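Here we start with a single chain on its own, the form predicted alone, put down as structure tokens.
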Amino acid sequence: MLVRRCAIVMIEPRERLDFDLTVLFRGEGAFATHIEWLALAAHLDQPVVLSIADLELLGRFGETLWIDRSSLPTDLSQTGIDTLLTAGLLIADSIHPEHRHRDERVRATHWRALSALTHIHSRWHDINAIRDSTAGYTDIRDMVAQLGPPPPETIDRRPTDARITLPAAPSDRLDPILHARYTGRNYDSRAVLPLATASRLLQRSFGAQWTRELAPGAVALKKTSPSGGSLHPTEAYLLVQRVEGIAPGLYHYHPIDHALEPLATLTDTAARTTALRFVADQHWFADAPLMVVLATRAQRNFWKYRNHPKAYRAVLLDAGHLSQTFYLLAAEAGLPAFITAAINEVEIEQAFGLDPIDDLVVAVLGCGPAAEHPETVEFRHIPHLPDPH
């Protein structure tokens, strides 16, 4: 049997505080500190708890060269090696093929180690953003009462009299759209998005306006947003609830053919439940008739930026560029839009059949007609009020 360490693994000492009566009676407080050593690997969804002996044993193996197990020093614990093989931190050529398969995919995708670990181990599964992430705060006033005011809304780097006042920005054709743009948190749960509107939103936001073969087999897409290395690796996956002529369900948008590829049909109830699950129970987004999942193809991105320290940042920038274009097109159509990264990536991956090693779910967008009576705070434009500027 040949053995080597997995490609990407980081060891984290994680502190745990436990209530301890012994410590309390010694007058040293009420809590005892316990340190757990966790191994976070790029091909494993969950950390692995290690003992000190496991940690020392893992350090005896390299990630590149295969070692014949029968040739290992006799002082190495065979039980410990079996434990690490079962956990997937050591990879064998003949047992636990699922670990070897996923580890080899990580190697073939040319991930940067820290980026891979950040992505894999920051994904959410079955998280309710309201229940799990707000720490009991009911609204912004409650947050200020408990935490104090946030840092100032801006900063002064120089005294006021040192500033250079700029001329007033002239009005132009884009101003009405820019001023109308806002993040919607109140969607009409009965409104249907016209097909023509959805078509323009998708084509101008995510569609290829032109294509060009730059070298044999290397086709570049011209889109309306910039992309790192002109790769445009981010795909659009749709959750349709209420779009004219399109059945509720899951779809992939084909950016060259400007077409929807059906992946799963859903009932109205199932579509709403899926929307809530995708956005981690942020109910103020869940009624949007159209949601778009941005998922980046790792192999296309890292084909050029192999093991590159900035490649993961480019992935996140891609999502930001696409969302801003989507926002502007929604505002042009008189619709609010939203983007959120507080999402259950694991549920999204399962729904669309994606694997986090190959497809990086980054964010969820959406848009639709606004509800007549807002219930959640938003910066909705009120036409009859004068422009504060």
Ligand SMILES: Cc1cc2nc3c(=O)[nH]c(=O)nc-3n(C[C@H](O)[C@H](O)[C@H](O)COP(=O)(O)O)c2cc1C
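Computed from a prediction, not measured in an experiment: that's the story for all the values here. Numbers for residues come from their place in the sequence shown, where the first is 1.
As for the form predicted in complex with the named molecule, it is not shown, yet the points below apply to it.
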query	finding
Of V346, L55, L38, A342, the one that lies within 4.5 Å of the named molecule in the predicted bound form (heavy atoms)	A342
S115, T197, T109, Q282 - the one with a heavy atom within 4.5 Å of the named molecule in the predicted bound form	Q282
Interface segment, criterion being heavy atoms within 4.5 Å of the named molecule in the predicted bound form, picked from 182 to 190, 100 to 108, 215 to 223, 294 to 302	182 to 190
